[in-house]
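What follows is one chain in structure tokens, specifically the form predicted alone.
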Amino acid sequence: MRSFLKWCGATASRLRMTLGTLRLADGRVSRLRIGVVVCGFALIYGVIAARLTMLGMMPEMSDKRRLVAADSMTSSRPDIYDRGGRLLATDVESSMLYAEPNKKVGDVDEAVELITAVLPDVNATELRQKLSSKKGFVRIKREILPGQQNEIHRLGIPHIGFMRESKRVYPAGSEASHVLGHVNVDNQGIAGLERWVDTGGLADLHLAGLATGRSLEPVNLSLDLAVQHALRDELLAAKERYQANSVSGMALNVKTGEVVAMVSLPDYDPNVPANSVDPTRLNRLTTGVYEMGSTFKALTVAMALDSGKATLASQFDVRTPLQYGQFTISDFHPQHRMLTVPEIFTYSSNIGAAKMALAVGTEAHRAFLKKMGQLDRLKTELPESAQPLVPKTWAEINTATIAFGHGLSVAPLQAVMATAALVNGGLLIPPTFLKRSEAEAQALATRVIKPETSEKMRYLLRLNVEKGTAARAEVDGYYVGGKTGTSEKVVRGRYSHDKLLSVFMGVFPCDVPEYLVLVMIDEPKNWDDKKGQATAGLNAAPTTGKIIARIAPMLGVKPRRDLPAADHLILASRRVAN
């Protein structure tokens, strides 16, 4: 800094000498005068910069900046509500006790004795170390009660103060933990929608000190807390009944893509976020990827029907298993005859699904799944999302196995998105956890199958409840349709015959669908039948039926009685053979 000032002074002196001794033209004198002015301004700004640097290095200013930053980072977050206006997350203000040891708090031993008398849960040894340090700021205790704050004020200990903090609380507890996520001790979102709120700019506002007070706009979710509770309650019962490792489920509005409920058990209480680090408590519906089993047959059949390679009247030979080297594709319920497309769907024939996919072709099959959003990571408001596990090379055997749900692992939410497109008229709508109108959904939608293909898929899904593997999902008055899926889990690189994942996709009302319900049971160990089978039709399907019976009235879906069979109601305007 001194060298800079010396340079400016020397420059000014030389300019004055030049002006005094030389008779220059008017234009040259003007240029020299401008140079003098420039140097003058440089000198002024240099002095200002030096002064700011000196002030910034002073301990008092460093402490003040630290206090402002800490206060900003614990400022208010927006309230979060469910779709009905029920409060899911809010801030509660509290006080934090701090000290500035570098300014001398007086007699440290006396200060420790006085403070611990008011706050007996504060460790005296740690407090003495903090107050004896040379730091400009130390935090002593958070969440100080008003009475405790008044008592400490009366103690008159120098350089002891209080800072306002905002603590995040979740009135519903564990009900929606995986969707809401949680915050850290500084009230910053680190998971779920809380993290999404920060990535939307709240963290920047905090750092700028502009996110204080209650002026932030609330966040209105698509979740319905009543539906969320009913779903969670039934999944807890299923987890206990089937002695499963985990149970997950969700409900989606097929017309808007809104997630109205999502539960993954075990879950955690966001008011105690330390429990969230337990690896068994992850959100399996977005963070995990799974082979979805025979629920993928719905995509295979839709692809074959939409491409024109098959009709509902088409037949495929399933009498002989398919052989690929040492790998054999066979049926769980073998029929040993020619099957029509509806029979392949209701008997859940692996051979039939594989042959339908092979008829379309490997490249077209991959392109169809790409179009249905199954080969790329699904992006929603939840930051936690997994990348699908896609084969590096897509050969004929890959098409054959993926046709019935083996060999491709996806996040359950993206499988739900694709299934919703099969029944809503053929529109792929990105899922959302925020409220969205049908008009807004239409603007985001992409047509992936023809409307007439969607109608046929609704027929097949309903037929599967009437006559197929999904019979136990039937709910009187709500015309449920659905598809079961039972997949063997991969253990140490090999498929395990006794570790199963049971999945069910249920749609209601199936003639004019409004909602889709997914239930996923990981390794069910208790069976409802005497044969000891743990297939989805025996656990995930009846669980879905119980859920639909509870949530349909909450969602405003009115029951209808004495409805005709699927071929008369859904396909009334066209021949089944079309």
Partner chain sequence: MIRILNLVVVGCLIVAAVSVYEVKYQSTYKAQAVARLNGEIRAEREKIATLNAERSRLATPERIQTLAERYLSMKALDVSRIDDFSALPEKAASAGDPLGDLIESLPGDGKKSRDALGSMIETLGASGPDPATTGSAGSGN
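Positions refer to the first chain, counted from 1. Model, not experiment: these values are computed from the prediction.
Below, we turn to the form predicted in complex with the partner chain, even though it does not appear here.
When contacts are judged by a 4.5 Å heavy atom cut-off, Thr90 counts as touching the partner chain in the model of the complex. Not displayed here, the partner chain is approached by Ala549 to within 4.5 Å at the level of heavy atoms in the model of the complex. Interface membership of Gly46, defined by any non-hydrogen atom within 4.5 Å of the partner chain in the model of the complex, is ruled out. The partner chain is not shown here, and in the model of the complex it never comes within 4.5 Å of any heavy atom of Ile329. Only one of the listed residues (Tyr478, Phe316, Trp394, Tyr242) places a non-hydrogen atom within 4.5 angstroms of the partner chain in the model of the complex, and that residue is Tyr478. Proximity to the partner chain in the model of the complex, defined as a heavy atom within 4.5 Å, holds among Arg472, Arg232, His406, Lys130 only for Arg232.
Site residues Ile190, Lys379 and Pro383 are none of them in contact with the partner chain in the model of the complex, judged by any heavy atom within 4.5 Å. Only one listed stretch (247-255, 460-468, 112-120, 222-230) carries heavy atoms within 4.5 Å of the partner chain in the model of the complex, and that stretch is 222-230.
Contacts to the partner chain in the model of the complex (heavy atom within 4.5 Å) from stretch 546-563: Ala549, Arg550, Pro553, Lys558, Pro559, Arg561.
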